[in-house]
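Given next, in structure tokens, is a single chain: the form predicted alone.
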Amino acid sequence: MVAVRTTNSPTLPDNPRHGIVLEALVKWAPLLVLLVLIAFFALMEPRFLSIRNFARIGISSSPALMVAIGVTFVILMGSIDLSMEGTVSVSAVLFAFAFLALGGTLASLAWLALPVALIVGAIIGFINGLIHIRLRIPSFMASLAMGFVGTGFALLITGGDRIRIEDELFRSLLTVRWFNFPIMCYVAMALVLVAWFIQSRTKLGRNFYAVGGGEELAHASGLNVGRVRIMGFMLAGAFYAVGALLAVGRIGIAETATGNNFMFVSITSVVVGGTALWGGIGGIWNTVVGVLIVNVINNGMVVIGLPGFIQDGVLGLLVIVAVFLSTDRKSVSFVK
């Protein structure tokens, strides 16, 4: 089922005051959910509130946050990108090959492998957008196909082997800590600020909202919607590549499986954070909260000893509830 918005703004209740209260609840609900989850797990297990455990949450959240930010730009335009797992795998593997070929340490020319990974991610995003726009293929189908292509290509060039990155400088993303948190957490937050700046302070970011808010109106205003969508997919691909770099920095290994599970986690985080699947509503800070919700649930359930399948079930239910509460069924029709 695909949600299609039929009006530009939601229909508010007859009482304007009730409408304001409802809008405020929807806006702040993800943050309230996050606070309630933290309080719940803290009551269940006091160790949950330790700095060491928060650092664990930060480590697990950092790569996922970069991928989720990338998909946020695409969803803001009213499109869907499902290529993240293949993009992450290809970016990670090609980064590792380039890193080792250029000396195997950031103290040498191996630092050039970092922009190589970003370029690879952006190129895959460009191809995604081009297929979607030029061939008029739905974005979720075009990107899903590219994701499979990426995963297959990563498997082809690695032969199923793992590529180890043992450079101490690169691994310092995980091993070196400032105020008890690893460097990768600070890198992730710096890039959150970059993403927020793009979203709120650049013409491109405003165009994402314009396209998501109403493609026909954007066309009528003279906006090149196709170009905006392609640039959105390219930007997403670059952030997927950053997620790949942080994932490799976390475990010191690049392989075909590096991108596994990013699709579920990133889409779940964006939806739970309050960004609307039909576009034009939400943004980067919503995604930050959504990623924290997902990782707090995963971490908290491990801390209190619940099995993994319960974690997946809870996240699935949370997605359904989030979409239900954030969707105005008077202004959205559902079609097959």
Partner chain sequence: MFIKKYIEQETINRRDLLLASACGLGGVAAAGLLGPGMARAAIQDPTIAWSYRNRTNPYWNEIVSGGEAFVESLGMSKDALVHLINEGSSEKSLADVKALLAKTNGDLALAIDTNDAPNARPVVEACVDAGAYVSTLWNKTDDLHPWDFGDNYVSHMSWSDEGPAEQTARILLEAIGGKGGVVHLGGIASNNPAIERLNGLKNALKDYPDVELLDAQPADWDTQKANQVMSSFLTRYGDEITGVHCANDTIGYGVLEALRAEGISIPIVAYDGNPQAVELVAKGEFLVTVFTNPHWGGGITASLAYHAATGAFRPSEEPHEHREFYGPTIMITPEDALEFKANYLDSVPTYDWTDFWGPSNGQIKYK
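Numbering follows the first chain given and starts at 1. Worth saying up front: this structure is predicted, and the values here are computed from it rather than measured.
Omitted here: the form predicted in complex with its partner chain. The next part is about that form.
- Among heavy atoms of Pro138, none comes within 4.5 Å of its partner chain in the model of the complex.
- The closest non-hydrogen atom of Ile304 lies within 4.5 Å of its partner chain in the model of the complex.
- Contact annotation for Phe48: at least one heavy atom lies within 4.5 Å of its partner chain in the model of the complex.
- In the model of the complex, its partner chain sits beyond 4.5 Å of every heavy atom of Thr105.
- Residues placing heavy atoms within 4.5 Å of its partner chain in the model of the complex fall in a single listed stretch, namely 53 to 61, out of 53 to 61, 66 to 74, 278 to 286, 34 to 42.
- The listed set Leu109, Val225, Ile251, Leu114 contains one residue whose heavy atoms approach its partner chain in the model of the complex to within 4.5 Å, identified as Ile251.
- Screening Leu169, Leu130, Leu155, Val192 for any heavy atom within 4.5 Å of its partner chain in the model of the complex leaves a single hit, Leu155.
- For the stretch 160 to 191, the set of residues having any non-hydrogen atom within 4.5 angstroms of its partner chain in the model of the complex comprises Gly160, Asp161, Arg162, Arg164, Glu166, Arg171, Leu174, Thr175, Arg177, in sequence order.
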